[in-house]
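One chain is shown next in structure tokens, namely the form predicted alone.
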Amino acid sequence: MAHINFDTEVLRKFCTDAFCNFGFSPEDSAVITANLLMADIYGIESHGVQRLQRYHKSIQNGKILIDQRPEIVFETPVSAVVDGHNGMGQVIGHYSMEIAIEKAKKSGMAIVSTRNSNHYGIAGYYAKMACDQGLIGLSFTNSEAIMVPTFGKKAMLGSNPIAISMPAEPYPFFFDASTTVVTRGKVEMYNKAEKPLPEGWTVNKDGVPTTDALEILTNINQRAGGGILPLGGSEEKTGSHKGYGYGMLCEIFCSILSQGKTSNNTRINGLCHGFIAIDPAVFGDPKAIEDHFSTFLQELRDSPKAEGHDRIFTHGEKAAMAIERSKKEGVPVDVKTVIEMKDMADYLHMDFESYFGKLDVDFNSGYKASF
């Protein structure tokens, strides 16, 4: 898989300008871009600028409505339901988590459930929003159906990630993972690289294991059956029912509480999200709680290592390492994603070379995204 490294600020400028050219405000464009670049900087390529193609097409075909604003349609001092009116997912998600944070600061904790949205990027972005303000943050989302339930052969749930972030030293606790074995974005990356998927990730329309990324993406788009397996794979003995259950947990906080569309009833838009913010002060001295947690995390890192391994990571540690690596080396972007970025720039009448200079890329290669 060929990559080109770009300076983070160059990518930030390009993406922000692109979203402004689509018609978003400078403030909303900055929020969308921050979410995408956080994924790339943290080393989560599947949810970074690789997603620009998806947003480009969704705006073009009217799935993402630029001029729609999210609004609260029901609330209490500790909760709210937000209707996103099919606007941009990152804008809706940011708005929703800000409500949860504001309510948590007043009442100790809050839950916001959001409906009629779009793909909102990396779930951890919203959990980190709360953590950055000294709170515990959680975020969930459903998506178009890609997960095949245990013993099934039709996708019925989304990737349905769980993200949580909590203050700690020397870096915050940060966990963000899909409840499927992998995300759709990871399958897209294998398709771009023209590589077979690892065994145990996906099944075809007959429920039979397959390693063909294009087949899986095509079947998901056409709702022809098959999809990505839950965490634990295809059998209860390997824990498949656990990933399936975690996916249902996300569905409860996203589509059920908001009375929005469940994963099996969405396409690209109509997605639902969940947001939770908790003030540690409702349990005691926040600093003492943070110190207690930090001690435990260090004990985990210091615990005995398995043979052949010299390090135990805690969640958030690799992200901190990736941030430092990105500062020194830039952000790696797949060449095929670069071609998609150039296509988007042409559509928006942007001078691609003014951002990135002349690149050693064959923009006439004939590559086109197949989804």
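Note that the coordinates shown come from a computational prediction; the quantities given were computed from them, not determined experimentally. For every residue, the number given is its place in the sequence shown, counted from 1.
Another form exists, predicted in complex with a further copy of the same chain; not displayed. Remarks below refer to it.
Although the partner is absent here, E236 sits close enough that one of its heavy atoms falls within 4.5 Å of a further copy of the same chain in the model of the complex. Residue contact with a further copy of the same chain in the model of the complex: S255 places a heavy atom within 4.5 Å of it.
In the model of the complex, a further copy of the same chain lies within 4.5 Å of some heavy atom of A177. Of the heavy atoms in K318, some are within 4.5 Å of a further copy of the same chain in the model of the complex. Contact with a further copy of the same chain in the model of the complex, judged as any non-hydrogen atom within 4.5 angstroms, is confined among 291-299, 214-222, 127-135, 86-94 to 291-299. With respect to a further copy of the same chain in the model of the complex, the three residues I4, S25 and P70 uniformly fall beyond 4.5 angstroms at the level of their nearest heavy atom.
Of the residues M189, V182, A168, I99, just one reaches a further copy of the same chain in the model of the complex with a heavy atom at 4.5 Å or closer; this is V182. In the model of the complex, A306, E307, H309, R311, I312, F313, T314, H315, K318 are the residues of 306-320 with at least one heavy atom within 4.5 Å of a further copy of the same chain, listed from first to last.
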